[in-house]
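Only one chain comes next, encoded as structure tokens, the form predicted on its own.
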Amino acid sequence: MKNANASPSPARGPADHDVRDQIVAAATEHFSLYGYEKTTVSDLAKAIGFSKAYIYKFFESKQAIGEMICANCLREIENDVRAAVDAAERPPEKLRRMFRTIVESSLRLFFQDRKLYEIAASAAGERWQATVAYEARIQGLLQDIVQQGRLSGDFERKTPLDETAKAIYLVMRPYLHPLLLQYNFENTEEAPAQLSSLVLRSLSP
């Protein structure tokens, strides 16, 4: 894979073009069966019935397709987390649910579609823009919860808000970062409750 510390490879063609969805669907299927590395743009072109040149009208590289698939996977996790957070009334419970749901949703992706999870892990290791944006949104959600807790009187207000949110994110990171999660399986059952309790005690006013 190419290193993608720079800006991601953009999708080409009309934004609402059905062909892009066909390409992504075919790529998702091939990556699930054969893995990202073993699938070529030629394989995708053959599966869809298009030429490679036509595919390149919509994506400038295989990595650009991988970026979109990775973003879709991470968005599923994020949607689960936001739904769980929104279902809780008070900030402490929102934080507990956030810890728990991130682990549960990440594990579900890992075990249900290991090859797609490997794309997310590689993307995280190489800092693809899809993972950078995902982590930024998760940190933003954390900051919102902390701010709500301060307004409700549940959390302390002395520590700078951004510093508090970043510290909580770093506690959570081994269980939300695709590359790190695979090394923390032995703790995934008890970690969400234990870590969220520790964080909540530190946030007490």
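Since we're looking at a predicted model, the values are computed, not measured. Sequential numbering from 1, following the sequence displayed.
The next section is about a form of this same protein that is not shown, the form predicted together with a further copy of the same chain.
The contact with a further copy of the same chain in the model of the complex, taken as any heavy atom within 4.5 Å, belongs to 127 out of 114, 108, 127, 90. Comment: a further copy of the same chain is not present in this chain, but in the model of the complex one of 53, 136, 180, 33 has a heavy atom within 4.5 Å of it, namely 180. Judged by heavy atoms within 4.5 Å of a further copy of the same chain in the model of the complex, the contact stretch among the candidates 55-63, 34-42, 172-180, 140-148 is 172-180. Proximity to a further copy of the same chain in the model of the complex holds for all of 159, 168 and 202, with the criterion being a heavy atom within 4.5 Å.
Taking non-hydrogen atoms only, residue 21 never approaches a further copy of the same chain to within 4.5 angstroms in the model of the complex. Taking a further copy of the same chain as it sits in the model of the complex, the stretch 56-94 never comes within 4.5 angstroms of it through any non-hydrogen atom.
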